[in-house]
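Only one chain is shown below, in structure tokens, and it's the form predicted on its own.
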């Protein structure tokens, strides 16, 4: 969840590190710090934003061509400058930055206390740097060997970068369960980061560390790579497919608004080369070799967290309707701590925007041990989920900087639709006219999303009416129930208004007690699917004076006559409605949050990529 940046080379490190931290701000954090190696280690850190770190370091010695920097999201110890990273060893000869959680830090801490070590912070990270120093002191090892030996005593997850005054020309990095990428510069320098955003400006040649990789970086030398078990590895670099322009706001006030408006393109990119209405074909090269295994599957289990879990719920409707394969959708955080019944006849599909979600990765590991076929759906090339699964499909949505996921959701739903269509075609569980109609309509979805985006002015007016509401209820039926869940999540994430999503029929089993003139209810009431039932639900709401905001099919007059506010979306096939109906809910959440003065791109307490439990 935190951000890591490190540099070693011939340039001044400080500007590179600060710019890197700024590019990682979207990940969520509560403090920031930097350590620069120049004869001694100059360490600066502060609670708050990167801008406060910049102010804190003004007029201080920030010289040096080697440095490490960090933005922290608090786990062990409250957010303050003492618990912020980097952390010193007791001698102040070694400094470390760390993402992840050291689960056995208490026992290591007790061991070190008995040896006389003193601790400044409440963090698990300081325990690790003290352990590295102890190993180094006891065995007179190099920094690389000291880190490697220390990591063999660690239980938990980590991505680390370590520097030492004893070896002032090296940076040692390692990872397990938390992402880390090394960029290889053209001038013999190295750039390190927790994702590619801080690196793309300087190099396209990168190495993604695997779990239990440890690397020594020295300017003008080849990357020295081993496993923590001391096995030598040959680093195979990859070409980074990322444009620096994608990391800028492009004239929009916020990244979230930019990403909402990018959805016609991101949905199209998710389909590009995979679907053709002209030829009536759907082709997914990423899973082609495993299609027979999927078709023969006893069931499909989708594991995900947050917004990706909602995409999985939409996928459940799609797969069962089109391919007639039983589907279960599981939270990764719950699945990993059960003893689920999984066999080699099952297929597990892991869904994650970042490809680094800790709970989803743990669920993959569990399913792998039980023999299931593992497929990944993620957005980030080279991510942990992409490498941990047998096969998968990239969404190609482009970088998503806003913490509240928007275009990633519709891209995930698009890919799930393509997979369901392909499987249904192969199983012959879709009638040919329906298959052709869905392909044609799916190809037209980007144009229809453009049409929905034109309702933004109206949605902004509705937002102004309800920006001070304390509670919202979102209702949908069938495949639109997950859309209601996603709409509620978006609102609570960025505006801090309590919101709940429910199947519309379940309203009578509890939520109806909350409805009065102060309760806005958002209802997905399109003509496609259970329309008469949803009309009845709206009548029940109006009988209790609830304020109804209805998302309806274009030209609808029945619901329009009952609802207080109406947002029209173009007509489409029932199974494709989520791709359109979710757009107004994203815009409504965005404008309410802006009107409430909330930090839309970086909501409090949230992080873009949840890489710790």
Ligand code: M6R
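All of these numbers come straight from a predicted model, not from anything done at the bench. Numbering follows the first chain given and starts at 1.
The discussion below concerns the form predicted together with this ligand, not included here.
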property	result
Residue stretch of 313-321, 109-117, 425-433, 486-494 approaching this ligand in the model of the complex, non-hydrogen atom distance within 4.5 Å	486-494
Listed residue that, although this ligand is not shown, lies within 4.5 Å of it in the model of the complex (heavy atoms), from 266, 537, 405, 384	405
Sole residue of 164, 194, 307, 389 within 4.5 Å of this ligand in the model of the complex, by heavy atom	307
Partner proximity in the model of the complex: residue 353 to this ligand, non-hydrogen atom cutoff 4.5 Å	yes
Exercise: residue 357 in contact with this ligand in the model of the complex, heavy atom 4.5 Å	yes
